[in-house]
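Before any questions on binding or motion, here is one chain by itself as structure tokens, the form predicted on its own.
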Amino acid sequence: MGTVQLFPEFVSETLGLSGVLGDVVGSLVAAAVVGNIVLAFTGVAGPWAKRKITAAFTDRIAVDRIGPFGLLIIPAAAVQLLAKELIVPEGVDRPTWDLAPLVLPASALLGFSVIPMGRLGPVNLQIADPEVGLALVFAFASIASISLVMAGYASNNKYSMLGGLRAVAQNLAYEIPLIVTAMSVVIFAGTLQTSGIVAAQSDVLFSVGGFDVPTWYAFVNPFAFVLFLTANMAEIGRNPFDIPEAPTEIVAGYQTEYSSAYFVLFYLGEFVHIFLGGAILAVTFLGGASGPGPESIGFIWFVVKLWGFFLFTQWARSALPRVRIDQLIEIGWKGMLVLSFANLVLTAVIVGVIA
């Protein structure tokens, strides 16, 4: 596999910079571009797409009065939320209470630093490609649980505290199956490097009627794909696993005492994590940015897969009832954990025999 020029290298070369200055400027510009792309997705998804999709699933009318197709609800909602007073309850533990809303979106944005988002013309939208890229993505994503615990503990509210504790229990129950299932992909690909995992899925698995089916690991091992998808839904806290905020039980869980800009940061972090979950799923099981057509439009296919995953999460939110906390723990420890290790052992045996 040939060496592909990363986004920061392209920026520094285009600007005619070299050395440390080129590395710093290239990295900052690349991070700003990728970060703004992700934030633009969340800006559309949170105030507008979520409402539109949920309304379509539940046979209701969503926002349609503010601008064409209701799109102006995006800036309107931003102004509305940011204009609200930031209320700081008595007895909160500051600065922990102040830092929690920053940690959540930051952890997800960090995860995108090693995600290969494909090519857009001559530009390869990947900031870094370390040899342990997949491990780094999971490490960054797991920081989100720390944010929820910080918010729950610092809020001096029993419902918030319950939400934080539930986040820890959920993370422990599903993070292990998620990573173990991902390790079966690593066994197939033979690398932890995200670009290498995507490249390993570029061959043709079989052809049907002149159509080539790629070796996406979702086709190679659909059982692992379903396991990973389920654990991923729990990891990002979407239905039926939205236990840490469970509005019908604990008001809003960890974010109960937050308002104004702090609430916006939590809301933003939630949706950035959804798109990060979709990005991880695309890289590990759906061939990353690969798709029909030239490689130069790979980013378009990557975006399609991200929004496809977002659509799935909104379907689950509308169609699947929330499980109880005891059911969630039982599913994770007695079901997902056992099945993920069984899948790992079976994958290792199959790859060992084939190799």
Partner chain sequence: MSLEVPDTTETDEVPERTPDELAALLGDLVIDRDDHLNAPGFVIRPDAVQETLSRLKQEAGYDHLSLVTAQEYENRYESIYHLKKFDDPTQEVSVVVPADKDRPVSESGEAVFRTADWHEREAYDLIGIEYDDHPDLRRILLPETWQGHPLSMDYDKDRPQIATLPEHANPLADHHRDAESDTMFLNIGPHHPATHGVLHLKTILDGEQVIDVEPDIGYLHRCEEQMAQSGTYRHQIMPYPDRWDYISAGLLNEWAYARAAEDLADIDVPEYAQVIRTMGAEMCRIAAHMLALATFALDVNGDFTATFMYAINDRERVQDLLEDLTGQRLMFNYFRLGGVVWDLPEPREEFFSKTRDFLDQLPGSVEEYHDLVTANEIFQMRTIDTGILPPAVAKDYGATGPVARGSGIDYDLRRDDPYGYYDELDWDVVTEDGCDNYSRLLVRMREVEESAKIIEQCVDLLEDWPEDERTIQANVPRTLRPDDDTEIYRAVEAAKGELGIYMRADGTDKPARFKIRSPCFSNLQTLPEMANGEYIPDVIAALGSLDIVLGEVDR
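It should be emphasised that the depicted structure is a prediction, and the values quoted were computed from it without experimental measurement. Positions refer to the first chain, counted from 1.
Missing here is the form predicted together with its partner chain; even so, the following discussion is about that form.
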- Query: Looking in the predicted complex, any heavy atom of Glu249 within 4.5 Å of its partner chain?
  - Reply: yes
- Query: Using 4.5 Å between non-hydrogen atoms, is Leu320 touching its partner chain in the predicted complex?
  - Reply: yes
- Message: With a cut-off of 4.5 Å between heavy atoms, is Phe57 one of the residues that contacts its partner chain in the predicted complex?
- Response: yes
- Message: Taking its partner chain as it sits in the predicted complex, is Ala173 in contact with it (heavy atom to heavy atom, 4.5 Å or less)?
- Response: no
- Query: Given that its partner chain is left out here, which of Val38, Ile325, Ala45, Ala31 has a heavy atom within 4.5 Å of it in the predicted complex?
  - Reply: Ile325
- Message: By the heavy atom within 4.5 Å rule, which residue out of Asn239, Asn124, Gln193, Ser113 makes contact with its partner chain in the predicted complex?
- Response: Asn239
- Message: Within 4.5 Å, heavy atoms only, one stretch in 218-226, 205-213, 102-110, 154-162 touches its partner chain in the predicted complex. Which?
- Response: 154-162
- Query: For 165-180: residues with a non-hydrogen atom within 4.5 angstroms of its partner chain in the predicted complex?
  - Reply: Arg166
